[in-house]
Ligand code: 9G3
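Let's start with one chain on its own, the form predicted on its own, as structure tokens.
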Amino acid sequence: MTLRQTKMFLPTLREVPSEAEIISHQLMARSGMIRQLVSGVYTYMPLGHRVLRKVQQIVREEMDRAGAQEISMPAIQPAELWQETERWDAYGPELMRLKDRHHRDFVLGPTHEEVVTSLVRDNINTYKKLPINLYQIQTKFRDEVRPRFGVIRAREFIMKDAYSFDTTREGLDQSYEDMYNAYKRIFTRVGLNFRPVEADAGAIGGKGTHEFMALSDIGEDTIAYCDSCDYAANLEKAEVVFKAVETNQTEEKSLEKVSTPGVKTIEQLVGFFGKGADSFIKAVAFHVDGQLVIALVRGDHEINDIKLKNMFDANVVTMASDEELIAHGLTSGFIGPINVSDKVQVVADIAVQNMVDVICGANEADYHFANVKPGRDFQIARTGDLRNIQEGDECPRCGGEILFARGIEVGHVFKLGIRYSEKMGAKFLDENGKEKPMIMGCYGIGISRAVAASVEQNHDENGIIWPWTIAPFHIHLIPVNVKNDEQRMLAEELYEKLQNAGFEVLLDDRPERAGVKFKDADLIGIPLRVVVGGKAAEKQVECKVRKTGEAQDLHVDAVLNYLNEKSAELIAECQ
């Protein structure tokens, strides 16, 4: 590929594309890295492709170092494999389905647990060939309901996915630790400010998982972390420490039905009764694998539907519709746990069971019950941690204070166990000739998402500021006036010298004004810049660091030493 800008396909934009909501999407489009084909589907231009290759190379090096082996699996997968694991229906509408000319069902792979399990079960049957870890870097497909934020939430994206197969749980623990440590090295080398957090496995399944979150204000995920220890978890997963609150109430009040016309929300109830939000029970109706469940939390808390799903070990949890509520004798806006049908199961966050003299819906329009006492006025089938953690809550590990941050998920590691191997018959014979299911792990990195996360973390008002390790080029060499023979000749001399020294150099040989060149250079964000200008006759050039703005005039003979020194500093930032 040519490294001269006159020959490079690099269409920069002065205006921000209308669909670009966040800075990474704006800058990746404006700098000529990507172009949208349709919503959530992008072409990577030469500049963007170079960055992707840099990230992929780092991933390959660290995966190989950890003992994983690279393969390439088909993107198109037969429905039969997904039906074996029961994910054909459970995965939901994000699964892109299609039929071939013979009307057979296929999917465009969003992930490859089924395919890799099928591959290994058909080719390995003895403990002697285990453990093994296989990975690939491939385009994936998910029919996102709302593609947004450029390549951060796209329908087509590039991912590294790896799968480990072990004979014991201890072996899985070691494979998991190897991948966990490899991921820390990868994201450090990519130059991201990241944090591993405990997370929920979601549609992948399994027990034991961490997300690697690139910290960013535009992140779609909330991270709960401790101000005193290393505990960090996704909001879906963060554990809540329950502490019973002592009450001074000595006299038990009788249940009372109160008219509350048009009063539905917690905010409205607080105003109507003149009590704090913690004096109310919030009830929400869900379908949990087909059964109607009323989940209860305190009025100042929010229900966590992932924790509800895990309480039942369910496949699908959805909100109940108004029609379903009516069919079970419930009224939207006034749902409560008292006098409900035997067909409705009532579960509660652990904080609810010790509440006294509280208020809840009466399952009748415009009415609530007051002086409610759980256990006396209604029964709870199950209790557990069902709410979102809040800032200021106690850390479940050390007792410190919980704080919040936002993050972009760039990696995820899972302990799958035997979820897939058991269903698909991926078994091996142990030392005693006994047949056992393989014990699996799964490990993903969003390659294209990591690129966007880097832009979110590394930019200023003028454009991108690439970390050295994933920059499309190391040095941007800019002769101010290519029609000037002295500038052009010195630039060509430096171009050859710097390339021979091992630097990747982009030469801006365009017959553009200096202002245009400098604006494009800031936008593209190459780490080091060498400007050949009015002092070319004296063999003097300007060297500039994109990140700090530090600039220095140097004789051409001193340039290489200066660039070696600065590049070493920039490399050290990613170690």
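All values reported here derive from a predicted model rather than from experimental measurement. In this text, residue numbers run from 1 along the sequence as written.
A second form of this protein, the form predicted in complex with this ligand, is not displayed here; the remarks below concern that form.
Partner-proximal stretch of 104-112, 480-488, 169-177, 320-328 relative to this ligand in the model of the complex, 4.5 angstroms, heavy atom: Selected stretch: 104-112.
Can you work out whether this ligand is within 4.5 angstroms of a heavy atom in all three of 87, 412 and 444 in the model of the complex? Contact check passed for all of 87, 412 and 444.
Report the residue, out of 494, 360, 159, 240, that has at least one non-hydrogen atom within 4.5 angstroms of this ligand in the model of the complex. Contact residue from the list: 159.
Only one of 368, 189, 282, 142 gets a heavy atom within 4.5 Å of this ligand in the model of the complex. Which one? The option sitting close enough to the partner is 142.
Can residue 231 be called a contact residue for this ligand in the model of the complex at 4.5 Å between heavy atoms? Although this ligand is absent here, residue 231 would stay clear of it in the model of the complex, with no heavy atoms inside 4.5 Å.
Can you tell me if residue 347 lies within 4.5 angstroms of this ligand in the model of the complex, counting non-hydrogen atoms only? Flag for residue 347 set to no.
Please tell me whether any heavy atom belonging to residue 217 falls inside 4.5 Å of a heavy atom of this ligand, as the geometry stands in the model of the complex. Residue 217: no contact with this ligand in the model of the complex.
Taking heavy atoms only, is residue 94 within 4.5 angstroms of this ligand in the model of the complex? Flag for residue 94 set to yes.
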